[in-house]
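Here's a solo chain for you in structure tokens, the form predicted alone.
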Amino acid sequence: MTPPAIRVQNLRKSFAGRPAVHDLSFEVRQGEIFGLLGHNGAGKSTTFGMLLGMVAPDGGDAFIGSHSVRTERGAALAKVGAIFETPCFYDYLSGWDNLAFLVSLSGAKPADSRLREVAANAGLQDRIHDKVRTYSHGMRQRLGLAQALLPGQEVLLLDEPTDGLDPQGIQEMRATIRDLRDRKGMTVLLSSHLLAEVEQLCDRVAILHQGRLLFCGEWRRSTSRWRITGEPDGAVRSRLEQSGLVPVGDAWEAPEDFHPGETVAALVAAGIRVTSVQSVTRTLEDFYLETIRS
């Protein structure tokens, strides 16, 4: 069995006696895009900080591949790139020169081929030689992504990668992240407030609320919902409840093995006139709000 790319194991962190992350555990599979969701103050940034070795946990550990971030930070982060908080660059230098400077800080000589590769992967190949002062916010975010790609990474940690972008910039960043997974086989852990964007990228998510893990898994496959109406209405409700469906607003929540055809046939056999049967699409936003309110 392939080991996880990222494993978070019983992480705990408090600040001034106030718990920020409570006994957090989850895994990110190799080659997947995994979403870490939560309101401001839920513990997402603290979790990212602990994964990057920038915040010391009070307990537990995090692993990148087989390496512990606590005891083998260098080895754990050797193939990790990250956007964490707002990327900062020298405005008077070009994007290219900023990247070359960052490489030189490690004592290595920046290879032109590598700089061209990360610029292209981040969608900056046409503007990489322009001064950063001329970059839009979206282009600065792209330069931040190019910076994250420099280490020859296998894992990307992206904290709010679409923060402040316009709709076109969000769409382009989403396409870039998906392309890095599909073409490069990269593993991506991202956090975002834009649930509609996460919905298009992630089948698996972890939901944090007040530092606690409320859900981790494939949110799309947890349940299905149906809007079923008929006459008399009371008889419809009674029969559906007997079949194990649960009313949620004007719809019914059904288990994964629910067969609408069999249910409709049973209603008709009971003398009920079925007037409509409609599958209801539940968005990630719906699922997220229901999870934190439950």
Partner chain sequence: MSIFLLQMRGELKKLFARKRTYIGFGAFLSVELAVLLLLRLPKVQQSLERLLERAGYVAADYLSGLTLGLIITLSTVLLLGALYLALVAGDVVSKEVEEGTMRMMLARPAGRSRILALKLAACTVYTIALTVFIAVTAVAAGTLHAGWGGLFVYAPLEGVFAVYDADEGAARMALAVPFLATSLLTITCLGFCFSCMRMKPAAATIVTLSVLFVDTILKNIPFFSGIRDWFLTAKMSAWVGVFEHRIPWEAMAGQYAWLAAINATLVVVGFAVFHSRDFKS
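Because the structure is predicted, anything quoted here is derived from the model rather than measured. Numbering follows the first chain given and starts at 1. C-alpha atoms forming the largest set that superposes within 1.5 Å between two forms make up the rigid core.
Below: the form predicted together with its partner chain, not depicted.
Only one segment in the set 171 to 179, 195 to 203, 74 to 82, 212 to 220 has any non-hydrogen atom within 4.5 angstroms of its partner chain in the predicted bound form, and it is 74 to 82. If you check its partner chain in the predicted bound form, you find a heavy atom from every one of M54, F89 and S104 within 4.5 Å. For G49, a non-hydrogen atom is located within 4.5 Å of its partner chain in the predicted bound form, even though that partner is not displayed. Proximity of L93 to its partner chain in the predicted bound form falls within the 4.5 Å heavy atom cutoff. G164 falls outside the set of residues with a heavy atom inside 4.5 Å of its partner chain in the predicted bound form. Its partner chain in the predicted bound form comes within 4.5 Å of no heavy atom belonging to R282. Taking a 4.5 Å heavy atom cutoff to its partner chain in the predicted bound form, the contact residue among L150, V132, A119, M186 is L150. In sequence order, K13, F15 are the residues of 11 to 29 having a heavy atom within 4.5 Å of its partner chain in the predicted bound form; the partner itself is omitted from this view. If you fit the rigid core between the shown form and the other one, you'll see the Cα of A100 move by 2 angstroms or more. Taking the rigid core as fixed, one finds a CA shift for D203 smaller than 2 Å between the shown form and the other one. Once both forms are fitted on their rigid core, the CA atom of D91 lies 2 Å or more apart between the shown form and the other one.
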